[in-house]
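The data below hold one chain only, encoded as structure tokens and taken in the form predicted alone.
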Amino acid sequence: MPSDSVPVGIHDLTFRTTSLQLTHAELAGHTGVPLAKYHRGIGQKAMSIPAPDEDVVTMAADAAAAVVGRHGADRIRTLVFATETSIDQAKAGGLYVHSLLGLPPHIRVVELKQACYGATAALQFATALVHRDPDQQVLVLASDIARYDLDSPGEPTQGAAAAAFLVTARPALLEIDTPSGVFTREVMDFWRPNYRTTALVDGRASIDAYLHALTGAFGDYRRRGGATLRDIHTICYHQPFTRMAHKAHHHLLQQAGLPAGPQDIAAALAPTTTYNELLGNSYTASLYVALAALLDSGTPLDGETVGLFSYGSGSVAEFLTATVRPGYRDHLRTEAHHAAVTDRRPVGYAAYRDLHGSGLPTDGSRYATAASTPGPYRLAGIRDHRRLYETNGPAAGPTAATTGTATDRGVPGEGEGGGG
């Protein structure tokens, strides 16, 4: 029976990324851009780069496997795959994850898309389902690879990650509060037409649209009875580059007539940026990677209210809050998150450009990807217009393939970058 009195929220949260990284020190050594413009100007130190056999499915499956491994799948009734790096116009990427993990058949699987906002739409979809039936659980996967043209202003903001979170009644990590505030306005600040593999972005328009949407969403949140800024301990922002969070917080504080000094803002947001500054932009996953960073930071949060601002170019935004559950630290995955970041292998500039220029065939012809990732799942190739995924290592083999898944060079500044 439906029960609004039962708290619903995020019971478990984790993320995974690619096996390769390009540091901004390496990038700066070849672009001629001062390293400070990367480190301080956009707040980025490295970006995750996918190996030839890694994509949004392999990252999402890796993250999802950790959640399912801890909690089982018996109560999962829905899997929502949020991405703007979709691999098929019709088939949900989550179906490949469902197959790779051997999940039960009685699970609905859908894909959601609205730029970087998609995962928050999935969260709201999930909470509604669990409120209707508190016995069921919803697995949300947010997985993206941010790619921009080489030598473009957006290039240093590239990145990749997949976040997985389990939405349940009586959650261990966070209870999702009501109300939330939403804002929508059609604007061409960032987009990727079907015929392109890299996104297009109007950097200045994207920053302006983000801040405009923040004002609109937070205003709607307050009009509906939401908490004041003084009552919110920390805000996690979508981070197309981490300095965007600083711009956003400064903007929100100014709108509220509160002190907005750079040092205070930096101190408030530092716990939320430690992972994203090393992963780069991960679109739908970005906000939830920021949330993971905050929870892992060591900042005492038991019983505190944290804000979440989700922005998806185009544009749709939402501001909501969550209450951190007492004892949440017992359920964190800090060690695994640190390993996901530190275990990446550095890639040189020439190799990075080669990887960026390579791609899967677009005519559906037979193609085998080079074995590269040390991760548990890999994209094996393409055959007859079908992507083939397989488990990596001793479990890999012919049986894994039988399901059809072999199972000036500038930097973003006041007028550049953003997107997602």
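Residue numbers here begin at 1 and follow the sequence given. Note that this is a predicted model, so its numbers are computed, not measured.
Note that the form predicted together with a small molecule isn't included here; everything after this is about it.
Contact stretch among 300 to 308, 162 to 170, 280 to 288, 89 to 97 - heavy atom within 4.5 Å of the small molecule in the predicted bound form: Only one stretch qualifies here: 280 to 288.
Exactly one residue in 213, 79, 82, 244 has a non-hydrogen atom within 4.5 Å of the small molecule in the predicted bound form; which is it? Exactly one residue meets the criterion: 244.
Pick from 37, 356, 45, 387: which has a non-hydrogen atom within 4.5 Å of the small molecule in the predicted bound form? None of the others qualify; the residue that does is 37.
Does each of 11, 104 and 136 have at least one heavy atom within 4.5 Å of the small molecule in the predicted bound form? Not a single listed residue reaches the small molecule in the predicted bound form, so no.
Indicate whether the small molecule has at least one heavy atom within 4.5 Å of a heavy atom of residue 153 in the predicted bound form. Within the cut-off, so yes.
Can you check whether residue 206 is within 4.5 Å of the small molecule in the predicted bound form, heavy atom basis? Yes, contact at 4.5 Å.
Would residue 148 count as touching the small molecule in the predicted bound form under a 4.5 Å heavy atom rule? Close contact exists here: in the predicted bound form, residue 148 approaches the small molecule to within 4.5 Å, heavy atoms only.
Decide whether residue 116 counts as a contact residue for the small molecule in the predicted bound form under a heavy atom distance cut-off of 4.5 Å. Flag for residue 116 set to yes.
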